[in-house]
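As C-alpha cells, one chain now follows by itself in the form predicted on its own.
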C-alpha cells in the first residue's frame, strides 16, 4: 500500500481535511464543523477520530500514514506553541502534541493557515515547482505567506507573512482591527474595497451606478470597474496602488520569483492582476527583472495541500 499523509485546515466555521499521496495526489477530502470552540482538546480529539475513520474507510491504517499537517488561523511559534487563536478560542496550547498522542505518536506538523496555503500553492498550485514564493490572500482581511527555498518563513514571533498589517498609508485616521492605522488590510481587502468605495461615493454620489446598490460588496465594485464605471475604476486603482507598494516592499526584502494572489477578491482575475502588476512595476524601478504576479489555483483546497506538504517537507 502506498504511503499517505493528511492535511488539516482549521477554519472558524469548518475544518477541512484531505488524504494525499506523498507525490501530491488528493485521494479524499471532507469537512467537519469547527466545534466545540474554546476547547482545544475536544476539537483535536474530534479531528483525530475523523482522521482514523476516514483512513479506515480508504483501507488505510495509521501505519500507512507518515504524518499529519495542520494549518491554524493564528500565529504559531517555531516550537508549535500557540498563544492565542481568537476566532476558535484557543489559548496557550500545543495542539500538534495533543493530536500526535491521539494518533499513536504519529508526526504532526503545525503552521499558520496563510503560510500553509502559500506552501500548498507552491507545491501543487499557481506556483508549482517554484521555491521562492509569496502568497497574498485578499478576502475579508489580507493574509499572506512567504516561502523561501521551499520552506515557510514564519518569523521568530510568528509574524512572517502578516502582509495585511504592513503600514502603507500615512493619511489613514481610522484604526485597523490590529490596533494600527494605515494597514494594507484597511484598503485592499474585500472589506477595504467597500470602505474605499463608500468614501468616494460620499463625495461623488451622482457619478456612479454603485450609489444605487444598498448592500455594496467588493464584487459589485470590481464588476462595475470592469464595466467602465469611473468611480469604481478609481477605487480599484487605489486598491492596486497600495498592493503595488506592499509587493514592492516585499520584493525588496525577500525577492520572490513569483507572487500568488488568492482569496475571494482574486476572482476579479486578470483585470485586477494587470492593475496590481502595473503599480508593482512602477514602484520597483531598480530592475527590469521582477517577480511575476499570478492568480492562485487551488482555491479553498490550498490549506489542506499545504498542510499535507508541511509534514513531508
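Numbering follows the first chain given and starts at 1. Just so you know, these numbers come straight off a predicted model, no measurement behind them.
Missing here is the form predicted in complex with another copy of the chain; even so, the following discussion is about that form.
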Residue 104 near another copy of the chain in the model of the complex, any heavy atom under 4.5 Å? no
Counting only non-hydrogen atoms and a 4.5 angstroms cut-off, does residue 215 reach another copy of the chain in the model of the complex? no
Although the partner isn't part of this model, could you tell me whether residue 157 comes within 4.5 Å of another copy of the chain in the model of the complex, counting any heavy atom of the residue? yes
Residue 161: touches another copy of the chain in the model of the complex, heavy atom cutoff 4.5 angstroms: yes
Would you mind picking out the stretch of 88-96, 173-181, 118-126, 194-202 that comes within 4.5 angstroms of another copy of the chain in the model of the complex, counting non-hydrogen atoms? 173-181
Can you pick out, from 274, 255, 53, 45, the residue that has a heavy atom within 4.5 Å of another copy of the chain in the model of the complex? 255
Let me know the one among 219, 230, 226, 169 whose heavy atoms come within 4.5 Å of another copy of the chain in the model of the complex, would you? 169
Just to make sure I understand: among 241-256, which residues lie within 4.5 Å of another copy of the chain in the model of the complex, judging by heavy atoms? 241, 242, 245, 249, 250, 251, 252, 253, 254, 255, 256
